[in-house]
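The data below hold one chain only, encoded as structure tokens and taken in the form predicted alone.
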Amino acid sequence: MYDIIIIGAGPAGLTAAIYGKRALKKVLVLEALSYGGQIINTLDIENYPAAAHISGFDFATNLYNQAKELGTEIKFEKVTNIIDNDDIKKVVTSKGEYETKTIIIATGADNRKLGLENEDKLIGKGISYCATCDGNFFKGKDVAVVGGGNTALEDTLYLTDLVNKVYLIHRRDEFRGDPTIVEKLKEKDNVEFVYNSNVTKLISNDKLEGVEVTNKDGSTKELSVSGLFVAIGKVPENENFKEIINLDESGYIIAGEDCHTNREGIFVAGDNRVKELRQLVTATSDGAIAATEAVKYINK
């Protein structure tokens, strides 16, 4: 019997574990893949208070080690279901079942796909969702990035030092991301902006050879690229909980700043909940709040 089971070992989940252990609770973290979540792919974190320059990998590793040193139990098992029996709840995984007094869902969000034919088949053969992970495979080649937020802008900036040319494709005529990054990109000789356009076709022969881009005026053109980095947002990882937890129309868990869900004793933390700002600092904040609320629930 655990006091708190946390689903997800990203910044929100690991922060929740730290707060839970510091409150002397028995804590289990369940993670399907590897610790760190999406932040592990960030080359340089510049906006986290008092840690102006640290890689996402180092940040996540420090957080993981901190949670482990406090005595957090961490198991790498995919959670497939949760069962709410009021005071006692059950978490079902690919390997077994665990009972707990409270649950914190901190599953984060996964990469949103373009939804084009052969997209899945070309993953690892020209299509990537992580420039810092796969950029080195395209040294000296022409590539494209699709998206208009900070991730797309940061991916493009990172790739400029590796590749021959980067096409930055965005469906609007201005970017949603940080204007300072946009200005940096405008100074780069090997970046070409493709505004008001969507990628509508993947051109391939076993591996990616190019993309078809359609402008909002209906005109199309082909870009010869070896790599396409997709950065068009995230999809919350809440599918396995939709029968028990209230979700909004986009699949995010409905919860306020107190991280309470519609179920007593079940909380949410991180990018998978309804919120205005999805950043590292808000994920760790959620983790602290959710764990504190879980402890209050247990003690009550």
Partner chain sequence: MEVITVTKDTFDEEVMKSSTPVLIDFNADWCGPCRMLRPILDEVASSNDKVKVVSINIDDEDELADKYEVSSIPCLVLIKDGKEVNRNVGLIAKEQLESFIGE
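Rigid core (definition): largest C-alpha set, two forms, superposition within 1.5 Å. Positions refer to the first chain, counted from 1. On a predicted model such as this, the values are computed, not experimentally measured, just so you know.
In what follows, reference is made to the form predicted together with the partner chain, a form of this protein that is not presented.
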Note to self: On the criterion of a non-hydrogen atom at 4.5 angstroms or closer, are I40, I123 and K207 all touching the partner chain in the predicted complex?
What the structure shows: yes
Partner-free chain; cross-checking the partner chain in the predicted complex, the single residue of F175, F138, Y167, Y98 with a heavy atom within 4.5 Å is F138
The one option of I254, I45, L70, A32 with any heavy atom within 4.5 Å of the partner chain in the predicted complex is A32
Of 126-134, 82-90, 143-151, 105-113, the segment with heavy atoms within 4.5 Å of the partner chain in the predicted complex is residues 126-134
Practice task
Consider Q66 of the chain shown here, and say whether it contacts the partner chain in the predicted complex, taking contact as heavy atoms within 4.5 Å.
Solution key: no
A60: touches the partner chain in the predicted complex, heavy atom cutoff 4.5 angstroms: yes
ask   = Counting only non-hydrogen atoms and a 4.5 angstroms cut-off, does N240 reach the partner chain in the predicted complex?
value = no
Would you say I104 moves between the shown form and the other one, meaning its CA shifts by 2 Å or more once the core is fitted? no
- Per-residue C-alpha change between the shown form and the other one, K141, threshold 2 Å, rigid core fit: yes
